[in-house]
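Before any questions on how it binds or moves, here is one chain, the form predicted alone, in structure tokens.
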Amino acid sequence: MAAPLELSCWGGGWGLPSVHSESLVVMAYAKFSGAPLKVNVIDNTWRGPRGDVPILTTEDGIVSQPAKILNFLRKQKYNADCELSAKQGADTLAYIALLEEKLLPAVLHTFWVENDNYFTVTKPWFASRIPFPLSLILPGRMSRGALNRILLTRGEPPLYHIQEVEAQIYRDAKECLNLLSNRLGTSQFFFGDTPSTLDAYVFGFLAPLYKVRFPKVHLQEHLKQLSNLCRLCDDILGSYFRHGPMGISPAGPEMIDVNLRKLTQLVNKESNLIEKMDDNLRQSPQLLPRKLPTLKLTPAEEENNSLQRLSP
């Protein structure tokens, strides 16, 4: 009997099996294709065998990155695209490239760069799932990584400043959402009545943006005006994740919000305490080691010392 396939990923909240887009892509595709995955929720990506999640562990090794994981599952005969035509397959690749180029930067910005969202929602949520003291370090590192990823792909001339990049990525994201909405139309899924790879990617990218409760909802408001995309997310959640592991929290959204507020206060208090300690250390006077004075002996004393050293 073959060893079970294990998927390591971030956990869920707000009724989502995971709040991490790339983890959601793999989890949705596995549901669509019938792949038997054992999902392991991790609290620290440093514990993973290789870099960022999602990570698929197989009897032959590990596979990371959503595209590679999906290719592996297809080779194992778990194929959600078996009924697609060649043209539909090409369209899938084109739309996935569009999502990664136009929508992903805005999703990263919404979660990790927008200050109100980061300090109120993103940082407390991830800090609550990372052991102390890494909970004070890793969210900031993940935020800087998201910003670097945005600037690397979208910070080319003439968009040198983050404000200019921000305006451009949100324009591109809205355009991408409009194109996806027009393509989906009134269909249940993008290629008919059966979900495929494209539905998994769209769900993974849109569901966190749709469900997580942010104080700054610039892109979220635009998404909620596109009812067919929201309906797609709701249908996938209701049909494939209602009773699955890490599904809808029994505590309910109200309890989640209360816990997040408490956690935000705790994390911010700890961060302020550490910053204050660092400031005190930097401002404290640095005392140099005292140099002991050198005593000089008179010629008579030097001669007397020499005689004493020579005497038996």
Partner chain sequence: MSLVAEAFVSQIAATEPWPENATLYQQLRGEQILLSDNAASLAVQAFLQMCNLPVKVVCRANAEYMSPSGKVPFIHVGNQVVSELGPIVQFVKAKGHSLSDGLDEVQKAEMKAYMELVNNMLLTAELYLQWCDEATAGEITHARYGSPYPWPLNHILAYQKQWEVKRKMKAIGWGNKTLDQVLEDVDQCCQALSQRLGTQPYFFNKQPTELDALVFGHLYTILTTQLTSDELSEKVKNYSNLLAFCRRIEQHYFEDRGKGRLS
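Quantities reported herein were computed from a predicted structural model and do not represent experimental measurements. Numbering follows the first chain given and starts at 1.
Below, we refer to the form predicted in complex with its partner chain, which is not included among the displayed structures.
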> Is there a heavy atom of Lys211 lying 4.5 Å or less from a heavy atom of its partner chain in the model of the complex?
Replying inline: no
> Can any non-hydrogen atom of His218 be found within 4.5 angstroms of its partner chain in the model of the complex?
Replying inline: no
> Closest heavy atom of Leu73 to its partner chain in the model of the complex, within 4.5 Å or not?
Replying inline: no
>> Given that its partner chain is not shown alongside this chain, does Thr153 nevertheless sit within 4.5 Å of it in the model of the complex, heavy atom to heavy atom?
In response: yes
> Which residue, Arg129, Arg231, Arg171, His222, has a heavy atom that falls within 4.5 Å of its partner chain in the model of the complex?
Replying inline: Arg171
>> Counting heavy atoms only and using a 4.5 Å cut-off, do Asp193, Ser239 and Arg242 all touch its partner chain in the model of the complex?
In response: no
> If contact means any heavy atom within 4.5 Å, which of 197-205, 114-122, 134-142, 93-101 contacts its partner chain in the model of the complex?
Replying inline: 93-101
> Since the partner is left out here, which residues of 180-199 would have a heavy atom within 4.5 Å of its partner chain in the model of the complex?
Replying inline: Asn182, Arg183
